[in-house]
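Below: one protein chain in two forms, given as structure tokens, structure 1 then structure 2.
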Structure 1
């Protein structure tokens, strides 16, 4: 006999877990739809050539490839076996999707003539990465993306701020920071320190400020070829710990000669002004948990404008959402010049954070409200129409499918956390009434079907 086991980095979602995951997903879906986003699903399997080359060399290594069916060795020559990187596209035509963004770009390109632009879609599906699993890190995990393509209006950025706040508020997660920045500001900084071509390496180093501290960041910059004068120019930036206004004032000073940097500032200002106009908030930045963070870089190279990242405070896991604007999403598929902005919730991490903070309401686990017990043939025949009647009244109802010992049936109800049990035995049958037992208090009442339904509904309300 073989011992069953899961592949590394994958998980089962048991019913209790699913109830909680759905609690999160329902709120995310509701919010996305409320803002006019439409659902999209794409296949788990994509053609390998659609995925490769989009995530950098390291990313390509992490793509799960699917071995061709049949005799995949046919037509190969010994030289093909010299380099495994060159072999894989010859024996694997397909692969599991690595994220939702690239399949989305493929979709937009393929359907461009039929779509209404600006096109707003959301997509909630699993993705796969051949990564080494760790805490908060899986090989199969869900992403919840929402993107708008075909407009560069900053209204989209403002709405992303609103959506993130709405979802987290509904989930009861109040202690978080929504970090914002703009890639153009980072480009401006790179210009300012005299390394306009080194935005990428600069960001990778700056991004680690939280983790390793300012001195180590400067060391890393030096290693990456930034000279002493450049480092000295960055130093005051790493020490900045002021308000939005003071950071902006600092940038006003250093960006006198950087058109790009000033553009980034203008975008941030306009995004905030639109959010303010939307919400009429007394203090938009504070009320919507915003933090203008000049060190926020988000490693991804394809962001060109706004960037976002959400950190849950007071927990070990941290980052639960992120996104930004990109200018050339579909370029790789021959459709240049399409600007888009999007973001993503990490459901699995959101789940872990909510569990750590005990934010799940108790009733998410609840499903069946009433269990009809089963005493035997005559009682069952009497019960079946009533079960149907309960269901038609909108009450989640089930009947125990066989006349097992009552103890066993009660245990079943208890284990499934069913709040009410209906007992129909000889005496109830004779009176055409139901014994309704409240499993929490243990109290039971002899009632008509109508009265029993009313009681169940009343309990549901309060």
Structure 2
């Protein structure tokens, strides 16, 4: 007999877990729609050539490839097996999506004639990565993306800051940092250290700062061709601290000959000014949990402007949200010059953070609000139209599907954490009333159907 097991990095979600996940997803979805975003879905399977080359060398290695059907090894020579990069496209034409942004860019390119630009979409679907499974990092996980394409207005970046804060506030997660930076600033830093053509490798290395520390970052930069002089210039950047104003002043000094770096600074300043205009906050940076972090790199190669990353404080989980501006992602599909910006929530990491901090409301796990008992044919016949009436009143209601002893039915209600049970016996039939039992207090009241509904709704409202 085969022992049931799951692939590493994947999970089942029991009903109580799904209730909590839906609590998160509902708040994210409501916020996205509040800001004018429309829902979109794309297939789980994409063409391999659509995905490769968009995530950098390390990202491409994590793409889950799907072997071609049939004799996929037919026609291959021994030399084909020497290089997996050349082998992969010959035996796998399809892959599971790595993220939602590249499929979105593919969608926009294919459907551009029917879209109204700027096009604002949100997407909540699973993605897959061949990563090493660990706490907070899975091979299958959900992302919640919101993107705008067809405009380079920094209003979009300002609204991303507002959306992130609104979602996390609704979820009760208020101890977090929203790190911001701009890839143009990182390009300016690459110019400053004498490697203007190696922005990508520099960002990949710096992006690992929190995981491996500054010395290992410098070692990796040296391995990538950064000389001793360049590494010594980068070293103080890895430990730079201070206020937003002091960091901007530092950049003013080193960007005297970098137009790109100064443009990145200007975009950060304008984004924050727009956020201030939106909110009229006393201190926008402090009130909206912002941290201008010059080492924030976000390793994905398609970012070209503002970049974001959210980290919950006081927990063991890493980032829970991130994103940025990408000026030409659709160009890879033959639609150049379309600027976009977006961000994504990692639902699985959000869940782990909220569970660790015990932020889920107790009522989140509730699904059924009322259970009608079932003691026989007469009682069932009396209850069925009332069950429908309760449901029409917006109350989640079920009836025990077969006649059974009271103990068994009450045990069922207890296991499902159902707060109310309607008992219908001979007395209730005779009086055409319902005995409403509050499972939390044990109190029982003989009520009409309308009175019972009112009691349930009142309890739900607290």
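Keep in mind that this is a model prediction, so the values were computed, not measured. Take the two forms, superpose them, and find the largest set of C-alpha atoms that agree within 1.5 Å; that set is the rigid core. Residue numbers count along the first chain shown, from 1.
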Please state whether structure 1 or structure 2 is the form predicted on its own. 2
Establish whether a shift of 2 Å or more occurs at the C-alpha of residue 61 between the two structures, with the two forms superposed on the rigid core. yes
Core-aligned CA displacement of residue 52 at least 2 Å between the two structures: yes
Taking the rigid core as reference, does residue 280 move its C-alpha 2 Å or further between the two structures? no
After superposing on the rigid core, how many Å does the CA of residue 205 move between the two structures? 3.6
Superposed on the core, the Cα displacement of residue 228 between the two structures in Å comes to 4.1
